[in-house]
Ligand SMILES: NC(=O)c1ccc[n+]([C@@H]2O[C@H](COP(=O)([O-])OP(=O)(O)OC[C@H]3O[C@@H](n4cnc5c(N)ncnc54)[C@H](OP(=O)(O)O)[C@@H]3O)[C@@H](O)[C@H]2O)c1
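What follows is one chain in structure tokens, specifically the form predicted alone.
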Amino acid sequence: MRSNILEKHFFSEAALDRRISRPSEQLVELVSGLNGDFAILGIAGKMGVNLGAMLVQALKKGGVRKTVYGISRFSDPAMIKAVESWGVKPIKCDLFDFESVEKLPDANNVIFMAGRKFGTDTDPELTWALNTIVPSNICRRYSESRIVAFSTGCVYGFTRPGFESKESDTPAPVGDYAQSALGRERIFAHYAKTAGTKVSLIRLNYANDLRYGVIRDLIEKINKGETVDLENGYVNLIWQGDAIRYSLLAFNIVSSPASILNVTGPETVSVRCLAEKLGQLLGKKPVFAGTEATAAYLSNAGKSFSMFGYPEVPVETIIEWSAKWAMSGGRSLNKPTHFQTRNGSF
């Protein structure tokens, strides 16, 4: 049975965040059984606060008392209040500075979400430094902890629909961002191999909140009458709440050597068809440019489904929720995904 469309339209961002952050019983059981506290490194990013909120809610439902630390530079002070509002304890720290990292509190369970993507074109050196030195700092500090580390499906090469990349495929990153993301993975894998640190690497493709993501990118273009570029003709999409849930459930598969888990939705979605569906819902006809390429960044997430079940929110529902959110004046984060990029330049 389809869930209630927009669940009364998520009339507030608070209601939307509650929906995104709702834990499953499977997650409640898992995190409640893990010994020790939790540290979320890089919590101030687009997914971090929701992840912290889901984790706190899961621990509460499990009836266990553990501290969840949310660690970031917190360049935006408002993020500190957002983190605190969910029961996460904020800690300001420059993860690039190992002396500061050494002073972080103990945590048996670490979620690594820090990294740099946009701006790589103008300063690739900084991207490489942040995407490799910071993971090394964290692995040195938390070598005896369980670590779930976010990565990206961009570490794979392009592939065609029907031949989506699996975890066993050889990486073929294009450009400094994807190459440095693979470098980040290699640092975690090195410590898993040499120090016995238990690690799971999350290769994520396009989580969607109603305020950002591929679907929101297309809505913005359609509403403004801008052309929808079809050169990157196919994408994988997943509801942000499901992406967070799978990532936290990956504590169940941390290992030495490191495990790898693709996290995305089960469908390979045509950008043209997606834009046409959104156009119907918005009452506007999309304007297209270019011709669909035969290959794109596409991942097979069958491993995650076999272990943790299918996404709770299907892509059709995300599309309808997103259109209704936009039509009701719901806020956009104005952070484009640049999913159309095919040359590795960000």
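Don't overthink the numbering: it's just position in the shown sequence, from 1. For clarity, every value in this text was computed on a predicted model and none was experimentally measured.
Omitted from view is the form predicted together with this ligand, to which the following refers.
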request  = Consider residue 46 of the chain shown here, and say whether it contacts this ligand in the model of the complex, taking contact as heavy atoms within 4.5 Å.
outcome  = yes
key: Close approach of residue 94 to this ligand in the model of the complex, 4.5 Å, heavy atom   = yes
message = Considering non-hydrogen atoms and a 4.5 Å limit, does this ligand approach residue 184 in the model of the complex?
response = yes
request  = Would you please decide whether residue 194 lies within 4.5 angstroms of this ligand in the model of the complex, comparing each non-hydrogen atom pair?
outcome  = no
ask   = Among the candidate residues 127, 264, 165, 72, which is the single one with a non-hydrogen atom no more than 4.5 Å from this ligand in the model of the complex?
value = 72
remark   = Exactly one of 234, 246, 206, 156 comes within 4.5 Å of this ligand in the model of the complex through a heavy atom, and that residue is 206
Region of this chain that lies against this ligand in the model of the complex, out of 82-90, 215-223, 265-273, 129-137 [heavy atom, 4.5 Å] = 129-137
query = Quick one: which residues from 148-170 get a non-hydrogen atom within 4.5 Å of this ligand in the model of the complex?
reply = 150, 151, 152
